[in-house]
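The form predicted alone is given below as one chain in structure tokens.
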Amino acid sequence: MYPPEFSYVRAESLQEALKFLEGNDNTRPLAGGQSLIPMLKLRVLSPDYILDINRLNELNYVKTSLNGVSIGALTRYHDILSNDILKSKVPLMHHATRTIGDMQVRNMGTIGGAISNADPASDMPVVLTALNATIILSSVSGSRSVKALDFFKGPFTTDTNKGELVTQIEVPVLDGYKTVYKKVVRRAGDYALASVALAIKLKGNEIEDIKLAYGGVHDKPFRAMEVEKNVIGKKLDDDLVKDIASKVSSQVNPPSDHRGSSWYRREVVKVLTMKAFKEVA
């Protein structure tokens, strides 16, 4: 299917892009295009304008900051994978990025594009929700920050207001944590049938802190906060892990579609959870 007609505009600077977004409501920014182009071809979207932001090199960076690590929205998965700062300070993101799509997707796709699209089964929103990263949104009026837990509102829906563009992601550095990202896909390169991002800090065999998020099993990335709260201070053993897996499975609300039923996804959540904890125990 051919995409609907639209006008193409290429921004040469961030200010130029923000000014255009402010004055043109039905505009979609184009970064890597790995989600936008298929949605246009399926006519899920019918924007009046496509705003190409690929020349905004000021949004392509990874650097350490007071709050952890700052990542420009136009940073591509390939650059995340090859970045030593992220590999050493945010290993959860590094591990998750290795599982994203195929080489073409990783060469073109950007972190800003992935989170702006807000597919509930996408990898990066799950990782940022587990880490409770901060999303920076910019407009001609200035910038504001939103926690990942508040940024994702529902399927393909975010807290982005009129005229705003995701420009930066700030990720905390979790010293002393063990992290793991796992997912199940029906075919190589697919979005996750279900995924889990786990960061856990142990004192001996006791859980000192835990961050647990899931993808593909709710209308947005699901942070298992009730479960997290109830297991702090408990001994990490097989019985506790089975209890965590069972409780999370009962709390998520996965869809049923051609890739798997809601019941099946709940069972996948149990298995993924137990495998993730086995890796960090």
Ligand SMILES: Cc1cc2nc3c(=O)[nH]c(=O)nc-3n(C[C@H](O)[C@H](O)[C@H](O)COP(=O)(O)OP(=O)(O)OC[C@H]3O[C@@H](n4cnc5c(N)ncnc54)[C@H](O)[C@@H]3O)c2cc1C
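Residue numbers run from 1 along the displayed sequence. A quick note: this is a predicted structure, and the numbers were derived from the prediction, not measured.
One more form of this protein exists, namely the form predicted together with the ligand; it is left out here, but the text below deals with it.
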Just to confirm, with a 4.5 Å cut-off on non-hydrogen atoms, which of S139, N132, N117, N83 contacts the ligand in the predicted bound form? N117
The ligand isn't shown here, but in the predicted bound form which of L236, V252, V227, L36 has a heavy atom within 4.5 Å of it? L36
Check for me: heavy atom within 4.5 Å of the ligand in the predicted bound form, for each of P91, L193 and G216, yes or no. no
How about G176 - does it come within 4.5 Å of the ligand in the predicted bound form, if we only consider non-hydrogen atoms? no
L30: heavy atom within 4.5 Å of the ligand in the predicted bound form? yes
4.5 angstroms heavy atom contact with the ligand in the predicted bound form for T99: yes
I'd like to know whether G189 contacts the ligand in the predicted bound form, with contact meaning heavy atoms within 4.5 angstroms. yes
Stretch in contact in the predicted bound form with the ligand, which is absent here, among 207-215, 165-173, 142-150, 194-202 (heavy atoms within 4.5 Å): 165-173
Let me know which residues along 56-86 have a heavy atom within 4.5 Å of the ligand in the predicted bound form, or say none if there are none. A73, Y77
